[in-house]
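Form predicted alone, single chain, as structure tokens, below.
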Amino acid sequence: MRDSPYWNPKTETLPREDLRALQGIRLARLVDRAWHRSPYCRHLLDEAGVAPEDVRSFDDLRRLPFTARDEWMDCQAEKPPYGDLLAQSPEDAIRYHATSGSAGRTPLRVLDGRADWKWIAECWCYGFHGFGIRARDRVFFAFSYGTFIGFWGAHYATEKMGCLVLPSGNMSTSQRVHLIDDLEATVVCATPTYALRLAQEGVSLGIDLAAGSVKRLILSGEPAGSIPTRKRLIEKQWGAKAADTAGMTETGTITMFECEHQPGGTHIIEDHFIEEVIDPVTGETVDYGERGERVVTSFGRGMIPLIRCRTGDLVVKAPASTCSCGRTWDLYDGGIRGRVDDMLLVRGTNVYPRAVEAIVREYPGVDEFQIHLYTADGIRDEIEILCEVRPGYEDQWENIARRLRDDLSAHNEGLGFDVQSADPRSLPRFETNAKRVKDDRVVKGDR
């Protein structure tokens, strides 16, 4: 086992039928614990007419009701601070985390006990080890260490693996670049957006990160780490390989990771999670190769049971055979492709910000960008892309803008896009989840 390329070969290479049997056993245990210990889960299961004895195998999964973040938040708003979600006493907790508040709402609050925290780190170990990271590595975390779950679990995973951990706390971007260079970090963990930001800062400081010590980047926090054009740009600017991962506050840890074979997608950690892909309208399961909404069931978190949580993430599932690494876990082709609720409707045309980014990133002359929506003359909704021009490409800008307009329109059912240059450093930069859409449209009722 010590010489295996896998963190846990006992489960990573299980035949699919054995994996399904394992998931069925763990699903039954999860439902039993949730029904007996979490008032919230018991209410949901009772409403659905499901008792613990009704769940005995993987085939019983679809008998269980869906859950969603908004419902969790409503529960906590009614009975602050944690609602009746918990399956253990708050006194058993050792860690507190919260989402950033959305639409003015109180953040989603979660607690983790000792067993949860050990499990959270172990799931991250799958991702790190699977991408070739070992005890000899020096791992830099470009992360501010607040209450957001972020890379917290990853930090402890690298300690568990014996790596040297380099936290950067509230350092400025320039301080982080200097520390990466000075301490010869071999791995950097960041959001895709911030990985690009660090590379830009390196150029400004005269530090050639592409010729430096970093060999691998672990990307997380945005549905963008698997965009081919963006990944190529990150790898070029760093002279290193980049791997996509994804998790969420509700799961507490990553549920998927890209292995060292870089198959163009992320392996689902199927011994610890069941991940379904459904039609977001009908709730019916979709087949391999079809885009749908990701639904997660987690076996490892004890404080807060997670059963069939609708994430709002858009994904396309691919069979395990897509990758040649030998794992029998299915993948998400292209990682997380966007959000169900991020779709923009402009003059009757659906526009997906991730698809826009995939096109914009084909142009090396664009340093940073923003999608801007506005209403012209109080009547007509318009969409424009504001672009900071990368130094050295100023003389080519008119040609770049014309080709970018044509490409965007061709990929969005002929919808007319405007492309404008923005002043250098005028657009927002992001350390965590990037928000590149600015919607200034007039609400119809206000016109």
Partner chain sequence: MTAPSAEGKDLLGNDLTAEETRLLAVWESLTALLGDDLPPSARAAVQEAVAALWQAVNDLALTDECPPV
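Residue numbers count along the first chain shown, from 1. Computed from a prediction, not measured in an experiment: that's the story for all the values here.
We do not show the form predicted together with the partner chain, though everything after this point is about it.
At the 4.5 Å threshold, heavy atoms of Lys118 reach the partner chain in the model of the complex. Using a 4.5 angstroms threshold between heavy atoms, Arg26 counts as touching the partner chain in the model of the complex. The partner chain is not shown here, and in the model of the complex it never comes within 4.5 Å of any heavy atom of Thr186. The closest heavy atom approach of Lys10 to the partner chain in the model of the complex falls within 4.5 Å. Site annotation in the model of the complex: the residue of Phe151, Tyr332, Phe140, Tyr126 reaching within 4.5 Å of the partner chain with a heavy atom is Tyr126. Out of the listed residues Glu122, Glu250, Glu201, Glu270, Glu122 is the one that sits within 4.5 Å of the partner chain in the model of the complex by at least one heavy atom. Heavy atoms of every residue among Leu14, Asp18 and Gln88 are located within 4.5 Å of the partner chain in the model of the complex.
Judged by heavy atoms within 4.5 Å of the partner chain in the model of the complex, the contact stretch among the candidates 404-412, 32-40, 388-396, 64-72 is 32-40.
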